[in-house]
Every structure is written in C-alpha cells, then in structure tokens.
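Here we start with a single chain on its own, the form predicted alone, put down as structure tokens.
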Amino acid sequence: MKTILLLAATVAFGTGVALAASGDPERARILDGYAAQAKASDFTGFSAERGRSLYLGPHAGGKVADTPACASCHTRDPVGTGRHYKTGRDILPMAVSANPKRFTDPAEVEKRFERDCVNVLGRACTAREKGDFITFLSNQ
C-alpha cells in the first residue's frame, strides 16, 4: 500500500518520498511550498539521505557551539524524546511516526527553522534543506 501511495505522490506532486510518507495534508502543503521555492535552482526532488545528513551533522559555524547538529538536542534517534541543551526541558520526538503533529503547522515549522538553522548551521536553511529535513523525518 505504501508503495502505491509513494508512486502516486511522485507522479502527482513531484516531491517523491517526502509527500508519500507524510500522510498529513498540511505537511504535504508545506513540502509543496518548499518544492516551489527550491525549483528556482537546480531542484530535482527532496532527499531523505540529505535530510539525514542535515539532522545528524556535525556542522560548523552554528551560533551555538554546543549544538553542531539537530541531533545534539533531538537525539540521534529521531523517535526518542530530546532534551534542550540549555534548559534541559524535554523536546517531543522529531520523527513523524512518534509525533504525528510534527511539521503540520506552517507558522510553527518556519519559526523553528528560522531559529534552529542559525543555531546549528550559522545561516538560514534553504527551501531544499527544509524539504529534505522533513522528508527524512517523515520516513522515521
């Protein structure tokens, strides 16, 4: 059944695995928006593998030296509960399978990317990176 959904999503939307795995119309709209932005460059589709690399890092240049990767706070296993590096408070899992509401509120998604990309990468994330990231976590 997942294979049929994946094929249909690839043909219908051109965003491949990301949309098929998302299962939520709001998440699909967010990914479609990032795909439209990314198509202005050399976009050929989102990649779960690139999203995995973005999630696991390590990256240099981030605003916060204690967070060279998203996994610094969110754990290497995205289905696990993370812990904020500074406050110690729990962070809900990043994986859509463990947290189905993840990546369904466009304003919240953008708010988190705006803050966290600067902290981890030292710059804003591109639309392709955002789509790759969501694609990876939609498949976890």
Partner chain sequence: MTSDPNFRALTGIAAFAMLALTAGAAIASEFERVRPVTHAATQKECGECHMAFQPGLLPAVSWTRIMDGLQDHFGENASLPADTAAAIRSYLTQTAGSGDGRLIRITEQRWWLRKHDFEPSIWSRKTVKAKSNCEACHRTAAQGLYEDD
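What you see is a predicted model, and the numbers here were worked out from it, not measured in a lab. Numbering follows the first chain given and starts at 1.
The same protein also has a form predicted together with its partner chain, omitted here; what follows describes it.
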> Looking at 80-88, 93-101, 24-32, 47-55, which one sits within 4.5 Å of its partner chain in the predicted bound form if you count heavy atoms only?
Replying inline: 80-88
> Can all three of Arg112, Arg115 and Val118 be found with a heavy atom no more than 4.5 Å from its partner chain in the predicted bound form?
Replying inline: yes
>> Taking its partner chain as it sits in the predicted bound form, is Val64 in contact with it (heavy atom to heavy atom, 4.5 Å or less)?
In response: yes
